[in-house]
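In structure tokens, one chain follows: the form predicted alone.
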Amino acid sequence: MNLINFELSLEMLHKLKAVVVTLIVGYLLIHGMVLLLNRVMFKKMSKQTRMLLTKGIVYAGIIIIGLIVINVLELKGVFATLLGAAGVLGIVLGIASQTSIGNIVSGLFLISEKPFELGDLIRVGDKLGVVYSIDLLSIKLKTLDNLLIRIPNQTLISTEVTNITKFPIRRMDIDLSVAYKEDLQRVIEVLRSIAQQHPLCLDEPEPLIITKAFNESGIDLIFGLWFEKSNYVQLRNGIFHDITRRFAEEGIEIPFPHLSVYAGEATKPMPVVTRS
């Protein structure tokens, strides 16, 4: 009896050793495959594709290693029982988690459509942030003040999404106003000169200058500048300084809201009396 127990213990020890070796070798193989693909193939792929393939390799490797461990431990009967229980549990969870299934399907549509990738700056409703992670059920945004926002995929499918950094260049529109006494052609020439002299403004496409409207205090203009998307902050800070300085040098007045009281020709001016 003791001999049988000893043989069983020895056999179990061998199985445990095989399991440990399988886990170690499996981990090294998965890690090595990911590193190899990163060096050979992933360089030509987008961040989003690399992330999805990496997760696919890791998940597939874990499943394969799990099946090998079950086979080594000879738990086929237990495995069949687990499969049956998993099938029943899957039906129950499928009925109870229709929202999750909707998120998964929406995630597949987003992956195929590719409206954004990892690292893009996007706006979803009133939320603005950099795409931090794209997962099966949701995406995660990292806001500009370092907060993490989780947005379900189903919400993204049914909401307008603005990808701010999709293209390499952007246009910055600045609203300006000049006094009615100013020569508009001269103002436009000064604005063109400001754009040409700023190192971060692109020559092509040309700056956009549009006369927008006549308001109560002056004439409104739109000053559109094209720039590389990575230079947004530097350009916005610098161009306001340049406009203020050049307008002051050229004597161009930027009006402020004011109100003139006029009584009309039939009414005498209102007398102003000062007492000393």
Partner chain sequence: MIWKKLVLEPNTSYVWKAGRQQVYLQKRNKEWMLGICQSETAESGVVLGQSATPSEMPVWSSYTGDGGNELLVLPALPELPVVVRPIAPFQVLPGQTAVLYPDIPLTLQFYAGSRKKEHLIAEINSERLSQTWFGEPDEGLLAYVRYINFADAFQPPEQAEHHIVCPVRISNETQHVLPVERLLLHVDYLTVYTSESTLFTNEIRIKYHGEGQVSDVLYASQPPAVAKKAQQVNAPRSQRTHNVISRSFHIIKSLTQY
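Positions refer to the first chain, counted from 1. This one's a predicted model, so the numbers in the text were calculated from it and none came from an experiment.
Although it is not shown, the form predicted together with the partner chain is what the next lines describe.
Proximity to the partner chain in the predicted bound form, taken as heavy atoms within 4.5 Å, picks out 225-233 from the listed stretches 29-37, 225-233, 244-252, 55-63. Only one of the listed residues (137, 202, 157, 124) places a non-hydrogen atom within 4.5 angstroms of the partner chain in the predicted bound form, and that residue is 202. Proximity to the partner chain in the predicted bound form, taken as a non-hydrogen atom within 4.5 angstroms, holds for one residue of 108, 179, 169, 148, which is 169. Although the partner is absent from this view, residue 143 stays clear of the partner chain in the predicted bound form, with no non-hydrogen atom inside 4.5 angstroms.
In the predicted bound form, none of the heavy atoms of residue 193 sits within 4.5 Å of a heavy atom of the partner chain.
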